[in-house]
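The form predicted alone is given below as one chain in C-alpha cells.
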Amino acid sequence: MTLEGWMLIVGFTGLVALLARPVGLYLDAVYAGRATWLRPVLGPVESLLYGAAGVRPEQEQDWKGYALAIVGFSLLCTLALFALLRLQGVLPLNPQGFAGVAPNIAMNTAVSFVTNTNWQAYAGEGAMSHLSQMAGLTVQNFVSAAVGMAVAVAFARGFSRRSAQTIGNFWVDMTRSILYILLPVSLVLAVLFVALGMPQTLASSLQATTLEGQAQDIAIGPVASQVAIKMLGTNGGGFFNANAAHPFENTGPLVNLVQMLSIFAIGAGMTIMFGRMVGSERHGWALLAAMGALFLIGTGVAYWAEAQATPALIAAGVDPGAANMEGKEVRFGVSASALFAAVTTAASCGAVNAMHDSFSALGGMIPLVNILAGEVIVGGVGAGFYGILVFAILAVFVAGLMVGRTPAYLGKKIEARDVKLAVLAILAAPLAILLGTAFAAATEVGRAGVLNAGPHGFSEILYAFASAAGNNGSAFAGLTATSDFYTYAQAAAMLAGRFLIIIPALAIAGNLAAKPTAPASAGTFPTSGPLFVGLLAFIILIVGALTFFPALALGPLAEATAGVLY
C-alpha cells in the first residue's frame, strides 16, 4: 500500500461528499417541479411529451397505480428490446453484418437491461450492431435508471407527506429523471470523454499495423455516448467485452476518476434530496454517513488484500513484496483497481476496470459482499436509496424493541405492516441468490459452466447469482453463462431482485404517506446522529452476515484459509 493509493481513496470519498449537496438540491428542485436553469429550455419539451402521451401531470397515483405503471412499462420495454435484438440481422446500422441474437441471449439481455442489471452473456463488440447498442441498450440505460429514480422519489414522498393517498405520478417522475438529469449530464460526460480520446463514430472498425507488421481490425463505434449513461445511471454493461478495462472505454486515470464520480453522484445526492424533502438535511447526511462508513471499510480491506502478492504468484517466483497485479491494468494499478471494484459493486453499476476473478480471495470477497449487502452502499440510482430506507425502517424497529417504545422514523410510526413489507423487500434478493447458487452447485448443468474447481468455482457461481439478483451486472469471470440454464435462471433472479423489492417499497411508501406525522418527543429515537448511523450500518452488516456467511464460508473464506490468510 502506498500514500498515493490512500490519497486516491480518501480524495475520491471527499469529492463525493462535496458533490452530494449540490446534486441533492438540484434533484429536489426537479422532482418538486420548481424552476431550474434547464426549465426554460426543457419545460416546453416536457409539456409536449405529456400531451403526446396523454399524461395529466397533476393527476397523481396511489402506490398500486404507481407499481402497475412500472411493471407494465417494464414489460413493454422488455418485449421491444427482445424484438430489436432478434431482428438485428435485418435492420440498418449493422456495418458488422451481425445476425440476430440467439433467443436465450436476447431474452437474458432484454431482462438484464430493463432491470438495470446490464449483465452481459455476450461479447459487446462481437454480437451487437450499432443500432442495437444505441436504440436498444443505451436507451434502456436511460429508462431503467429513470425507473429506479422515480421509485426513490415516490418512497421519499411516503415520509414527507401527511395523510395522503397518493405518492406521485410515475410518468412525470420518470420523464423528469431523463429530461432534466440523465440526458443533460450524459451529454456533458460524452463530450468530455470524446475530448479525452474515447471513440464516438458509426464506423465499425479501424485498421492498425501490429509490431509484427500484420494488419489488425480494431472494433470502434458510438462508445462515448453509451459509457456516459452506463456510469451515470449505474447500469454497467460494456460496449466492449473488456468493459471499463478496455482503453476505448476507459482511456486513462482522469477518465477513470470521472467515471467513478459519475457512478456515485446521483446516489449520494438522493440522500440530501431526501433530507430536503422531509425538512431536515441532517437525516440525509446520516444516511450518507452510514453508506460512507461501510464503503471505506470495504475499500480499505480490498486495497490491503490486493497490495500483497497472492500465494499462487509467490509460488511462481514473484517478489512477495509485489502487489497482486494479475487481471489489472498497469495504467490504473492496485489502488485504482480496488477502488473501482468497490465503487462499482457498492453502486450496482457492473462496470469493471479489472477482473474480479483475479483478485485475492479476500480482495474478491469485498465486491461480492457489497452486492450481498443489498447494494445499499450508495447503491444504484434510486435503488440504493430506497434500499437503505428499507433498512432504516428495520433499524428503528429494532431500536424500538430495545427501548420498549413504538418505533417511528421521521414522525411516521413504523407498524407491523411496514416491517413485514420491509423484511419481504430485504429477503427477496437473498432468496433468489441462495436458491440459484444451491441449484447450480448441486447439478451437473450448473457446474458445467464453472472454470475453476473447489471454493473458487463456488465463488464464481455465487457471484453470478448475486450480480443478477442484486441488479449489479458485474462478472466475477470464469463462469460460462451462455447456456440455457444460466441465461434463464439469471433472468429470473434479475426480475426477482428488481420487482420484488420495488413493489414492497412502493407499498411501504403508500402506507406511510397515509399516516399523520407525529412531532418528536423526549422518547423518540434520534435518527440523525452517530447512534443511528452506527445502528443502521450494524443492521446492514448483521442481516448480510446472518444470511450469507455460510455461503461465503464455502467460497472466498474457504479459499483464503486454504492458502495464506492475507
Partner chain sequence: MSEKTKPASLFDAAILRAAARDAFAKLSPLSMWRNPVMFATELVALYVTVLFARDVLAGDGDMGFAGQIALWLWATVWFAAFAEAVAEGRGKAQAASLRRARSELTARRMVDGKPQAPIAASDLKIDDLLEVVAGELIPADGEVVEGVATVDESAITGESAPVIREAGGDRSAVTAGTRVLSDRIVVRVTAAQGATFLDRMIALVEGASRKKTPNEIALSVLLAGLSLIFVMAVATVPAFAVYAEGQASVVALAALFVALIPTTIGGLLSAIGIAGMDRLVRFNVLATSGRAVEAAGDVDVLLLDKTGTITLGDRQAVAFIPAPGVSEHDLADAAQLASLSDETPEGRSIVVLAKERFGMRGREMAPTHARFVPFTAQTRMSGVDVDGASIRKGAVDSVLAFVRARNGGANVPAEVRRAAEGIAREGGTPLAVARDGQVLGVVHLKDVVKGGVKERFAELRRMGIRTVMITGDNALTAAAIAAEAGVDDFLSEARPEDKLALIRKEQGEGRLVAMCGDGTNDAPALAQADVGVAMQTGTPAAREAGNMVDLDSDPTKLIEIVSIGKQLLMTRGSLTTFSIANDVAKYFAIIPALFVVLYPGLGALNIMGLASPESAILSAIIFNAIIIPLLIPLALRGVTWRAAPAEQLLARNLSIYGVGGLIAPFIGIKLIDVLVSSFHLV
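All figures in this text were calculated on a predicted structure; none of them were measured in a lab. Residue numbers count along the first chain shown, from 1.
Although not depicted, the form predicted in complex with the partner chain is the subject of the following passage.
Of the heavy atoms in F193, none are within 4.5 Å of the partner chain in the model of the complex. In the model of the complex, the partner chain sits within 4.5 Å of a heavy atom of F458.
Contact annotation: L554 falls within 4.5 Å of the partner chain in the model of the complex, judged by heavy atom distances. Though the partner is left out of this view, F525 does reach within 4.5 Å of the partner chain in the model of the complex, counting heavy atoms only. Using a 4.5 Å cut-off to the partner chain in the model of the complex, not one of V90, L137 and L182 places a heavy atom inside that distance. A heavy atom within 4.5 Å of the partner chain in the model of the complex is found for one listed residue only; from N452, Q96, T209, T480, this is N452.
Between the partner chain and the residues L313, V301, A102, L434, the one pair within 4.5 Å by heavy atoms in the model of the complex involves L434. Picking from 200-208, 79-87, 418-426, 107-115 the stretch near the partner chain in the model of the complex, with a 4.5 Å limit on heavy atoms, gives 418-426. Residues of 401-425 lying near the partner chain in the model of the complex, listed in sequence order, are L401, M402, V403, G404, R405, T406, P407, K413, E415, A416, V419, K420, V423, the criterion being any heavy atom within 4.5 Å.
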